[in-house]
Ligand code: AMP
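Just the one chain here, laid out as structure tokens, in the form predicted alone.
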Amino acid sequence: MLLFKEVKSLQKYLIGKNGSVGFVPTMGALHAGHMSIVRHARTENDISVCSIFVNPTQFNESSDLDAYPRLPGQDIAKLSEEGNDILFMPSVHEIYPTELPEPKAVDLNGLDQGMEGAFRPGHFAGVAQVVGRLLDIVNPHRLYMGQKDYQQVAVIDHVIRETGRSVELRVHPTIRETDGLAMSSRNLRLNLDERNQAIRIYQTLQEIQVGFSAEMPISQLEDEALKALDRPGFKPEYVAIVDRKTLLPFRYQQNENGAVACVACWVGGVRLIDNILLEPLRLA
């Protein structure tokens, strides 16, 4: 595996290569979910590129940025063992040089307003900024992202279409631990008791799925889920059942796009998010 830290050297190398490029942007502290995405990028393309960059513009609190886990040695070893071709580990200056023109803002069509956007103002502007910059640098044929960050995927999909980029967005299903907890770099910050309790988030999503299949009222499903997560050591921020495409509140009579249930909840001092695609009950 080749390691690049400078934009110019990475671009010089890629320009001299033929074949398709699959790109996996990450913030490091890699786990099996990341590796599964990298594996797909590697098998579906001639060259797989993974980036590790903890992007400061998408953090609302400096304390959260400082606490984000950083394990470069372990990350390099995992990617090398997986057979990834290129690792890009730039500095903040490489991504945001002072001479870089201010990027043109993209109207996110309200996709950034609810859920994460309501609790993390400006977060998706930062996400769109860094992903756009990384796409400019790598110029991949395919971009790989995980379903766990559902709203982020919806925002990036919109930005790609609005800006006319030719890159193909490939969304990888959420990878879970054996007990159902969605794999996340933030899980490393949970103590043992918090880790064991955190599975309640996925259990709550499963309960929503059962109620959704029975066509229980959406507001009731959301309220009951919030109550289920309102327990010692937990602090739920939102439970939202939304249209998969527009991210607007879901209504059964508007079922063309399908629904997704999204959750954000603090467990101890760690903020976790998860989601589940909801399917209506299909009668034989």
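A residue's number is simply how far along the shown sequence it sits, counting from 1. Just so you know, these numbers come straight off a predicted model, no measurement behind them.
Another form exists, predicted in complex with the ligand; not displayed. Remarks below refer to it.
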I need to confirm a contact call. Of K78, R200, R120, K148, which residue comes within 4.5 Å of the ligand in the model of the complex, counting heavy atoms only? K148
Which pick from I37, V239, V49, V242 sits with a heavy atom within 4.5 Å of the ligand in the model of the complex? I37
Considering the ligand in the model of the complex, find the one stretch among 169-177, 112-120, 132-140, 81-89 with heavy atoms no farther than 4.5 Å from it. 169-177
Mark M27 yes when one of its heavy atoms lies within 4.5 Å of a heavy atom of the ligand in the model of the complex, and no otherwise. yes
At the 4.5 Å heavy atom threshold, is H31 in contact with the ligand in the model of the complex? yes
Report whether the minimum heavy atom distance between Y68 and the ligand in the model of the complex is within 4.5 Å. yes
With the partner left out of view, is M183 within 4.5 angstroms of the ligand in the model of the complex by any non-hydrogen atom? yes
